[in-house]
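Just the one chain here, laid out as structure tokens, in the form predicted alone.
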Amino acid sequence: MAKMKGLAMLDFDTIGWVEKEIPKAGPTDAICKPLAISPCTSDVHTVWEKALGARHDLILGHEASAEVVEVGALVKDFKVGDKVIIPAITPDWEAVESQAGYSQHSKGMLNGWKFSNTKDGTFAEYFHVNQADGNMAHLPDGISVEDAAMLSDMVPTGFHGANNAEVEYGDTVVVIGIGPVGLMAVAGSVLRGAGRVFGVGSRTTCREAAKYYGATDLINYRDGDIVEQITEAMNGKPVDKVILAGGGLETFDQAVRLVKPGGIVSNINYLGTGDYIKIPRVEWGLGMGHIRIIGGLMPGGRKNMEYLSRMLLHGRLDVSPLLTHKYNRLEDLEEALLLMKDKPKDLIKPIVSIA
């Protein structure tokens, strides 16, 4: 059979190029070749933090725009040659969990996340998409393949944080972690009507981007305890919502100390290490403070890609500031992934365009 190459997790702490057979499409599936792909911090967690357990020769990656090269006999809405956006989360839509509204967990916890988790991902010459009619969206004219790749994960994850926080007009929101996902949480909160948005982060590039996306206040954790800094800025008052998009397990403690009774702590941060999260008992109202803590994997599927595309097409959102490091060969993926691991000061997201 025909072969392809892909960048894979060979073992813990080890990545490298592998050769595999080109996948075949089942009746409802599609095979795509990437046009633009981007490494994610989740790939870093998987390889170097052992977050998912052992993976051997698993091709990494879950963010891509692509061209369709094969479709199954039952695929109705896509044909060979179509340019498409593929979400990072590709659920099994017939599953009972999907019917209950939690497609991200179709057939098991986090099982809607298939790329680079339970099957080979997008860092390859070709990749497989299950249930293509439900898990791909046509790439509209007017959206670049690079910008489209940001719709796979960064935009929907950040927006999901704002949606789960139920941000309302005039809310004061704290976004802890202003990497690419946190920046999209800032943008999503502003689009939902937040009145004041604190962005917590230290890298100048990210802080400047947070301002661009609507953060009104910037907090640097290197300058001292963020709870003290934000509480002082709020004149002792609590905030309405906190979105966790970065940091470690300690951020839950900080979030509960910051948020008001009846407020919401919305986590979209991939917790790659640690065993338990500690919640401060008194600040949580002795367990009775009506402070909700919710953690949610971004929604997958076609609808989300189509709706978010409208945001770009009609000027509601500009994702170009996220793309700070650009490459143009599949072979550059290894360098791009190591950038995400090392996070130099001028990095937000690398993008590899091979259109």
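Throughout, we count residues from 1 along the sequence that is shown. This one's a predicted model, so the numbers in the text were calculated from it and none came from an experiment.
Missing here is the form predicted together with a small molecule; even so, the following discussion is about that form.
Of the heavy atoms in T41, some are within 4.5 Å of the small molecule in the predicted complex.
In the predicted complex, the small molecule sits within 4.5 Å of a heavy atom belonging to N269.
In the predicted complex, no heavy atom of R292 sits within 4.5 Å of the small molecule. Put simply, M340 is close to the small molecule in the predicted complex: some heavy atom of it is within 4.5 Å. Here the marked residues M154, G246 and L297 all reach the small molecule in the predicted complex, each with a heavy atom within 4.5 angstroms.
Checked against the small molecule in the predicted complex, the candidates P87, G188, P91, G201 yield a single residue with a heavy atom inside 4.5 Å, and that residue is G201. Of the candidates T251, S98, N163, N117, T251 is the one whose heavy atoms come within 4.5 Å of the small molecule in the predicted complex; the others do not. With the small molecule omitted here, the record of contacts in the predicted complex names 178 to 186 of 178 to 186, 118 to 126, 258 to 266, 74 to 82, defined by a heavy atom within 4.5 Å.
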